[in-house]
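The chain below stands alone, shown as structure tokens; this is the form predicted on its own.
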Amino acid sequence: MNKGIFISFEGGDSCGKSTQINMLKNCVEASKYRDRFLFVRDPGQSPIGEDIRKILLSLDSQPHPLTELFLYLASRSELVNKIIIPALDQGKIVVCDRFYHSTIAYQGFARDILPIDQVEQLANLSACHIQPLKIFYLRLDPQIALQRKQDTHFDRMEKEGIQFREKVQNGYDYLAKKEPQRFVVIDATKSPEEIFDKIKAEISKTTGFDL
């Protein structure tokens, strides 16, 4: 049984997720608990995972939707088995930028290539059935999210249109309703400071660490 605590961040593109994770990193780094935390990202982190990430986000590649799904699953398997499980066994607080819920929202609901229950089974299999104790879902209207990104660089996934983004949000809303005990739904239109205060308070309560 894992001794650590697993936390993930989720949300559609441009929801402010990366900003909040960076704020949390800075907070942790300034605390006495910095050696207890490990920050990772999905896809990526492991050598094989980072190679897969480059393929998935590259504008030069357009994999078949089923291929895309299996690439995400493969990257996650590397991340979980080589990094997350060992860290949890050491009692670490692992904070992950996306996890299998992204696969269900993006490849399950938005791509709609397989029945949702099959995508959920595959996503859980890739995660070795490890589930985050808390999932911070930064919820932002897709139209607002698109406006936030209009003057900046888009990767392949971010270039998808508004209908794709709306389906992603539908997926996350479905998951949040299905797992209310795990999901912490946050209004991403709030200021970064307001959002972070809520996240920090929840993490302090979950871990027992006064950040």
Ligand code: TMP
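Since we're looking at a predicted model, the values are computed, not measured. In case it trips you up, residue 1 is the first one in the sequence shown, and so on.
Keep in mind that the form predicted in complex with the named molecule is missing from the display, and what follows is about it.
The named molecule in the predicted complex is not approached by residue 109, whose heavy atoms all lie more than 4.5 angstroms from it. The named molecule in the predicted complex comes within 4.5 Å of no heavy atom belonging to residue 137. For the chain shown alone, residue 57 is a contact residue for the named molecule in the predicted complex, at least one non-hydrogen atom being within 4.5 angstroms. For the named molecule in the predicted complex, the listed stretch (139-147, 37-45, 24-32, 174-182) containing residues with heavy atoms inside 4.5 Å is 37-45. Applying a 4.5 Å heavy atom cutoff to the named molecule in the predicted complex picks out 13, 17 from 9-29, in order along the sequence.
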